[in-house]
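Given next, in C-alpha cells, is a single chain: the form predicted on its own.
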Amino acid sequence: MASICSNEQALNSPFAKKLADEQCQKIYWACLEILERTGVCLYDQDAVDILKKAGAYVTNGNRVRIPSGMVEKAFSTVPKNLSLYDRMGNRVMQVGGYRSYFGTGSDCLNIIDHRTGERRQAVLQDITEGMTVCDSLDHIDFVMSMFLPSDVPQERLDRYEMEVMLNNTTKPIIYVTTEFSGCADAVKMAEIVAGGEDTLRCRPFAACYINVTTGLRHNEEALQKLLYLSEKGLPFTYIPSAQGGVTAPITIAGTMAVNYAGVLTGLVLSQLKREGAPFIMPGWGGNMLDMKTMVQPYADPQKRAQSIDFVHYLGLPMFSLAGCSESKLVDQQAAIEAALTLFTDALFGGNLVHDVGYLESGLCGSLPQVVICNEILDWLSAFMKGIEINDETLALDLIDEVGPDGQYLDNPHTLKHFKERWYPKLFDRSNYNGWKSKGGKSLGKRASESVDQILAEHKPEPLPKDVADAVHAIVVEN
C-alpha cells in the first residue's frame, strides 16, 4: 500500500492549487466572524457546558458564540498529521500533507448486482463481498461499509457492518454509526481486535465518520461521539452538512464559510475535551442542491479542490471525496466522473479520499465500478510519480550506438527498463483482432468478470475465532 503524492518537488510530481493563501485567509476570518457574531446551536448539554467554561458566550440555553482565541488555541494542540494502521498493527497510512489514500463510501441503500445487472436493495452479503473485493485491490487503501444492509435489525445494522468489515479485510476502516451507542460498540469491537484500549489508541486502525446536521446546528449524537472519541484519543472526521441554497448561502464561498465554522466548532470542542486529540477535517465544503433536480450532486466540478486548498492552508489532515458519479449505471458517465474526481483529488492532494464506487449521487454502489476506479487509480499512481533524468535514463551513449537506422527491441537497456512503464490490468490495449479474440468485451463486462474472479480466489485474513466470537457477542447483545 503506497500513497499517491502531489507537490513533492524533489520528485517533480504534479500538483495544483485553486485558492491563493489570501483567499484561504478570508474564508478563515469569515468562519471566525460567524462563530463570534452568529454562533452555533449545540444540542448536547455537556458540549455547551465545556465551551461555556472555557469562555464561550451562551444564550438561549444552547446558542454558543466562540471567541477567535479559542479557535487559535485549538490549532496549537491538535496534531497536524496522524497514522492509521492495518488490523495487524502495521502503520500503512500517514495522513496529512499532500499524501492521498483512497477508499470506498458507506451507506448506499442500493446495489447494482454485477451478476444480474439488477438494481436492488443491499443486503449484508453485499458488504461481505465488497470487503473481499476491496481487500484484494492494490489502490483501495481503506474501507467503509459501502452499503446499508436491509436484511438485519435496522436498529443495530451499524454493528453488523462493523463486524463484517473486521472479519473480511485487514485494511484500515472508516465506520459510520447511526447513534452514539453504535459508536461505543464499534470502539469496543475495535479494542477487542487490537488487543486492548491502549493498543488501539497507540495504533488505531479504525476512525469514525461523524455526520453533523449543518454547520450551525450540531445534533446530540454527533457531539456525543466527538466528546467520547476525543476523550479516548481516537481519530474521527467531523463533517457538517451545509447545502448551498438550503442551509447555507448558494455561493461557494458562503457555503464554505458556514461549513467550516461548524468544523472549527468541533475542533475547539475536541481540544477542550482532550488536548492533542486527533481531528480530521472535511476536504469538501461547497455543496449545493441542483436547483433543477433538487439532488445533491457528488461529482459537481465547482465543489472540488478549493476545500482541499483551504484545509492544506489550515495544516490539518482531511477526509476528501472522489471516485463518485451521478450516473445510474456503470457506463461512460460513471467512468468519466469517477476519473475526473479522482484526478482532481490526487492532483490537489486530498488525504483520505472516500466514496470510490458511488453511483446515483450516493444512493447506489457497484463492485465493478470499484474495480474500474482501482484501474483509474493505478493510472493516476503512474502519472503522479516524478521521472528520473540521469545518464542511465537519458541513454545518450546508447542512442549514439544505435544511431538513426537501428532499433531497441532486443537491446539489454530495453530489457532492463521496459517493466518500469505502466501496463493496464483492466483497460484494453490490444488491436481490434486481439480484442475480438478475447471475446470483444466491454470495460463493464471485464470489470464484472474481475469481481467474480476475486470472489472466487481471494480469501481475506480472518479474525481468530475467539476474537471473532467476542466481536459477534457485541453485535447481538440486547
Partner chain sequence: MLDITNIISAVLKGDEPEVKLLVLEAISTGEKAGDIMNKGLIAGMDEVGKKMEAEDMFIPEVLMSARAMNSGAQILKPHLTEEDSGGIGVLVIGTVQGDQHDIGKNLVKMLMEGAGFEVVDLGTDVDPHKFVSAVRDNNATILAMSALLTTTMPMMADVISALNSEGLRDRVKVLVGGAPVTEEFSDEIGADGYGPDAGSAVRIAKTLISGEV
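Worth saying up front: this structure is predicted, and the values here are computed from it rather than measured. Numbering follows the first chain given and starts at 1.
There is another form of this protein, the form predicted together with the partner chain, and it is not shown here; the text below is about that form.
Colleague: Only one of Asn431, Gln45, Gln453, Asn60 has a non-hydrogen atom within 4.5 angstroms of the partner chain in the predicted complex; which is it?
Modeller: Exactly one residue meets the criterion: Asn431.
Colleague: Go through Asn90, Gln302, Gln407, Gln125 and name the one with a heavy atom inside 4.5 Å of the partner chain in the predicted complex.
Modeller: None of the other options qualify; the answer is Gln407.
Colleague: So in the predicted complex, does Trp29 come within 4.5 Å of the partner chain, heavy atom to heavy atom?
Modeller: No.
Colleague: How about Thr414 - does it come within 4.5 Å of the partner chain in the predicted complex, if we only consider non-hydrogen atoms?
Modeller: It does: once the partner chain is placed as it appears in the predicted complex, Thr414 has a heavy atom within 4.5 Å of it.
Colleague: Spell out, yes or no, whether the shortest heavy atom distance between Lys52 and the partner chain in the predicted complex is within 4.5 Å.
Modeller: Output for Lys52 is no: heavy atoms all beyond 4.5 Å of the partner chain.
Colleague: Examine Lys438 and determine whether its closest non-hydrogen atom to the partner chain in the predicted complex is within 4.5 angstroms.
Modeller: So Lys438 counts as contacting the partner chain.
Colleague: Which among 65-73, 419-427, 31-39, 52-60 is in contact with the partner chain in the predicted complex, heavy atoms within 4.5 angstroms?
Modeller: Heavy-atom contact with the partner occurs in 419-427.
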